[in-house]
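As a starting point, one isolated chain is supplied in C-alpha cells, in the form predicted on its own.
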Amino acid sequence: MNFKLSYKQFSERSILVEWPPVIDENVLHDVTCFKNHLLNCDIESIVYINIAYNSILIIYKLTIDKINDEILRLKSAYLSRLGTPKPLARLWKIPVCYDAEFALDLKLISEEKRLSKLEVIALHSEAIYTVYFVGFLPGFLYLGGLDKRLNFPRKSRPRPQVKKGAVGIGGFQTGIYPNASPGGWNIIGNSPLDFFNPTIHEPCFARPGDKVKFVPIDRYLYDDLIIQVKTGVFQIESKIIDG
C-alpha cells in the first residue's frame, strides 16, 4: 500500500517526510519499512534518520543544494521500498509497581473515571502496547494501545520533577520516564528498569514497532529488581513476535 506523502525541506540539511496525520499501525509499519529501505540503500549523504508517529526526518551531512532533485530521489526510493523485509519485532515484559508511593495520580484517575484503583491497574497492565517512537527524552517510549476508558488529559501544570521510571498516562498514550525530569503526564506507577544506557551499542532496548506488556509487581520485588538492575544481573524478559 502506498500512502500519499508530503516532502518538505526542514532545514538546510534535512528533509521531513510526512504520512497522513493519524496514529495507526499500518502507517507505523510503512514508516519503519521506508526508514529501513533508506538505510539499506546506504546513501552516503544521509547521516541520520529519525521517525515519529507519522513522519521521518532525514538529516544529511551537507547542505542540500538541489532540494527538488533530492525529494524526487526520496519519492523514487519510497516506491521501491515494497521488497524491504518486515522488521523483526519483540514483545517486552516490563515490571511496574503500582503502590501508592509511586502512583501519584492513580486516585485522581480512579475517581474521575469511576473505576476502582484495582480496575485502573488491571486495564493498564492487561493491554499490549505498540512502541510508536522513542523521543522527548532518550529512551522515552511513546506507547499506543491504551484502553479508551483510561484516556486522561495531561496536566495543565507539569510537575517540576518526575521520578526516574515513572509510568504515566498522557491523553490516549502511556509511557515511562527513563530519567528524572519535569513531566506533565499522570503518574500511576514506577518501573525499576533502565530504559536508556549510553554505554552499550543499543542504548534503548525497544524499537518502533515493538510491543510492550506491563507486569504488576509488589514493592518487595521492586526493591529486589532495583538491586539486580544496578548490579547488571537483571535480564528483561522478551520474545520475538510477528510484528
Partner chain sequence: MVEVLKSGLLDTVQDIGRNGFQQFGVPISGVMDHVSAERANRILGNHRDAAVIECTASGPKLLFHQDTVICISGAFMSPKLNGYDLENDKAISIANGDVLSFGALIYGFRAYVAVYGGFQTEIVMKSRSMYANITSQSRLLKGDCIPILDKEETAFSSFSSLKLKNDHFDSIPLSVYKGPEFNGLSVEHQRLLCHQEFTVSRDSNRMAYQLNERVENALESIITSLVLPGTVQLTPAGKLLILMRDAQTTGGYPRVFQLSESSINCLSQKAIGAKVKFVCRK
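Predicted model, so just to flag it, every value in this text is computed and none were measured. Numbering follows the first chain given and starts at 1.
Separately, the form predicted in complex with the partner chain exists; it is not shown, and the next lines address it.
For a residue to qualify, one of its non-hydrogen atoms must sit within 4.5 Å of the partner chain in the predicted bound form; all three of Pro21, Lys35 and Ile51 qualify. In the predicted bound form, at least one heavy atom of Ser11 sits within 4.5 Å of a heavy atom of the partner chain. In the predicted bound form, the partner chain sits within 4.5 Å of a heavy atom belonging to Gly139. At the 4.5 Å threshold, heavy atoms of Val215 stay clear of the partner chain in the predicted bound form, well away from it. Although the partner is absent here, Cys204 sits close enough that one of its heavy atoms falls within 4.5 Å of the partner chain in the predicted bound form. Screening Leu193, Leu57, Val27, Ile46 for any heavy atom within 4.5 Å of the partner chain in the predicted bound form leaves a single hit, Leu57. In plain terms, the part of the chain that comes close to the partner chain in the predicted bound form, with a heavy atom within 4.5 Å, is 130 to 138 out of 130 to 138, 116 to 124, 98 to 106, 155 to 163.
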